[in-house]
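Okay, so we've got the same protein chain twice, two forms, each given alone as structure tokens, structure 1 and structure 2.
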Structure 1
Amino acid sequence: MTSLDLALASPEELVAAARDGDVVLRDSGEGLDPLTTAVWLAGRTSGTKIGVSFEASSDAMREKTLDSLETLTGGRVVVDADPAAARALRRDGIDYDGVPVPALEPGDRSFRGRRSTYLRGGSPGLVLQPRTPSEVAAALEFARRHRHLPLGLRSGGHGISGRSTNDGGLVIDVSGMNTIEVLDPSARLVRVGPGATWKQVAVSLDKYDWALGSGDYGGVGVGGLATAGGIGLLSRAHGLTIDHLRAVELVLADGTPVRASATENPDLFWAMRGAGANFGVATAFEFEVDEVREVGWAKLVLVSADLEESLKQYGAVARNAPRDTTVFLVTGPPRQGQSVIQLYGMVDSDDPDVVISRLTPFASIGMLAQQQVVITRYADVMGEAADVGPEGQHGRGEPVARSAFVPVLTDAFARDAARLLRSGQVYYFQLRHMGGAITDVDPGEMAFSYRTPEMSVAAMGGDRQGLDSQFDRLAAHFDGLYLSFDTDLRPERVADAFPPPVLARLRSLKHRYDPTNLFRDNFNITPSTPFTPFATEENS
């Protein structure tokens, strides 16, 4: 890396050096302004990393400057702040001198890549980055000493709910725990760290002709999805992600490392599959994966002058689709009387005739405007996700989203959903096709209990009150919700997410495993009295 003195170097020399490799701009107090020069130089070159040091006059000015540099240069300008200025960014109430594990604080160069999530802006006071279970235990001990602060748990930082960051609190970031290994090839048993992304998992499994259904986007981290559910493109063919979980290793709130499976701490294993964020920090997952070779992958764009009718038709087609077929629908508010409908789906078959026959009924719900249908690998589909890279996620503001399960996509639901989209309060509306293999699992086997809905619905808007007022009008069509797609913090949402007996059992287990409610910032399940088995004809 070339070091350049701005008091001596000419613009031509700066460009020539930057084109040869990364550079550091040194400010001696004379000559060109370092920040202005850095942005100019970024515009004259491509790919070069440009280092620069400066001392801002205020914390607010420094943050505004860094935001501007990030926007203008795509993260290529690296600012090495003055140490005194960096310390000034520390938040009150945090023992920065007693941090027991690797961590990032607001003045650190890499902090900006970890403070926000995919959709939510954040400004935590400290991001702890443990890489082993013992370091996770140390991070949790630090969190217990800071109970007055919010606590977020982060793997990939992609979650729509945004609960993995906060303002002024702590974040335990396990993204560094991202190993993937095959434990037993004959049983297709794999071990995955919570910090891996599903894109990485798919690539690792693909060489064996294996796959593990994992939502619809490869950039999502394993940790959050593998403890919540995993409604994805292979779900109707092979079940939810958590249906393949055979064991989970985690660290409890008191720092105790445990293993949960069908034979080890089975009650905790039950809770971790659907409500895991309330019970501990997962450090490894063991999955039994599926044999999946090539699949049919489709992206269809349709135009409809009658959104209500198209939703009805989609429901009818989806209801009768073979279980090897999963098709999601995305749309937004109609414009000039026309709705653009995007369908993206997967057929677990490498036979082109089968793939076309499965998809053709879906293509008839509107006027087909664009299509892309290919036979490909599941890993290639997950690979369409962009690599986040060291610059991390850069969400801003607060996401506004609602979620629900729809037992049956009725004509009345189609009518009310079309009205919702015409309200102006929703800019993104998604229906996830359920059924098939999802229904094969007994609802009582794990905390995720909603096995029979036809659809999962998610809606996003720009105004909390506006979206809630419109979405709540559809409540008669709903039974349950998927917390990972919801940002509504009203306590009713937790009650909606779990049937009453399930929530009662979860609260009892919370009392056993986290009695002080350390894990309270991700749709909190509050502790209650110890759980008593429900009465049945045999024991009543």
Structure 2
Amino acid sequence: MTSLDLALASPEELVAAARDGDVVLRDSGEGLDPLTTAVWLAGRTSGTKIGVSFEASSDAMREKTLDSLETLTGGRVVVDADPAAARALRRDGIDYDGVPVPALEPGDRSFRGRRSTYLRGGSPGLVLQPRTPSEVAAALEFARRHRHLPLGLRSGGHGISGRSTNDGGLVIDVSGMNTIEVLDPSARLVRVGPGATWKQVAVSLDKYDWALGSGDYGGVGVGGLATAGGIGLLSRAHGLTIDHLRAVELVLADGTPVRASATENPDLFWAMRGAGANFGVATAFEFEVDEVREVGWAKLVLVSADLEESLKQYGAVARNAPRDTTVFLVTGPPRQGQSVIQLYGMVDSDDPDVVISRLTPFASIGMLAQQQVVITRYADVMGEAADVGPEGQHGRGEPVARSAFVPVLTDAFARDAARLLRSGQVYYFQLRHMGGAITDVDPGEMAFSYRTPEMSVAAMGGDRQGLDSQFDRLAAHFDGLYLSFDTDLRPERVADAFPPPVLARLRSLKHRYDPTNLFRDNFNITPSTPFTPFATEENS
């Protein structure tokens, strides 16, 4: 490490020193400006670190600069944070001296990229980053000592319903557990860590001509989606993501590592597929994946002056589509009476004629304005998601979203959905065509039990009350919801996510596996108090 005096060093000397190894810039108030020089050196060199101190015109400007330094230089400009200042950012009620695993606290540089998620702004007091199941157990022991604080579980950071970040609480972030390995090529059995993204999974499987249907966005993480459902572009052809799960390993609230499959802890295996976030921290998933070669991938943009009619037609076309075809519809509030409708869909076929014949009926539900149809790889479709770089995720605020399953897309539903969009309370409205292979699985097989709806609806709004008041008006058309797309915290939503017998079973399993309700960041199932005529440990 070379220390360089900014009053004396020439640009050439600075670059030469920084090419040789890490440097520290010393400032005596004369000569080159420390921050400017540090950033410039980072831009001129690669790999080496540049240590510097600088003054900013305000705390907010300092924060802004630190953010940009992290992003632009990939953390290579190291600002010697005054340790006292860093400690001042700590939150109350956290035993910072007793943190058992690698962790980030608010004064740490890399904390910035981890405090928020893709859609949600946050400022947790501590982000624990366990790398192994035993470190997860240690993190959970720490969490049990901090029952007074919110606890979020985080894998890929794309939670909507899942509060994987919070304000002043703890986050257990398993994004580092992201390995992907093939266990048995002949059985197409793969083992995936919760921190992998679906884009990474798709790339790994692609070379075998395999794919595992996930969602529609490759940036989403395995941990959150594979514990909830996974309604995606291959769902009608191959089923939900969780339909492919053969085993899952998790750490329970008390720190016990367990494996759940059809033969090991089958109750837990049932619960983990649909309500997983209530039962433990998943540390590995084993999936049987599908053989998928080229697929047809389409993005169509249509314009419609009669949204109600277009929705009806979408329903009719979708209803008659073969199961190799999955087409989602997205629209927003109509402008001057015109709705812009985006359709995007996948056909599990590499035959252009088949692809075109499957998509053609969809193209007539409005006036076709743009179309893009390609024969491509599932991995390329997932690859459209941007990579998250060292800058991490910088969501702000709280997403406002509702979800529902629609058993049949009726004319009345189309009418009311069009009204919902005209209300202006929904800026993003999506219909996902279900059916096909989703219906092959018996509803009793796993906690996710809505197998027969024709459509899944998701709506995002800017205002909680505004969205709820409009969305609630459609309740008569709904039966159930997909928890991953809903941020409503009113208790009746949990009952929508799980029909009564399912919820009752989940509550009794919750009592068995997480009696103190440690895991509660995502559609919390409260443990049932079992009826016992005699005093037990819990109620004595």
Ligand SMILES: Cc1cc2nc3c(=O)[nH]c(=O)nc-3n(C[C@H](O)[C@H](O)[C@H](O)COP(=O)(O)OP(=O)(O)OC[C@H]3O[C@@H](n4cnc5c(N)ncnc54)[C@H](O)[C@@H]3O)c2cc1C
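Please note that residue numbering is based on structure 1, beginning with 1 at the start of its sequence. Values in this document were obtained by computation on a predicted structure and should not be read as measured data. In this text, the rigid core denotes the largest set of C-alpha atoms whose superposition between the two forms falls within 1.5 Å.
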Which of the two shown is the form predicted alone: 1
Determine, after fitting the two forms on their core, whether A16 shows a C-alpha shift of 2 Å or more between the two structures. yes
Rigid core aligned, does the Cα position of V494 differ by 2 Å or more between the two structures? no
L474: after superposing the rigid core, is there a C-alpha shift of 2 Å or more between the two structures? no
To one decimal place, what C-alpha displacement in Å is found for A38 between the two structures with the rigid core superposed? 8.0
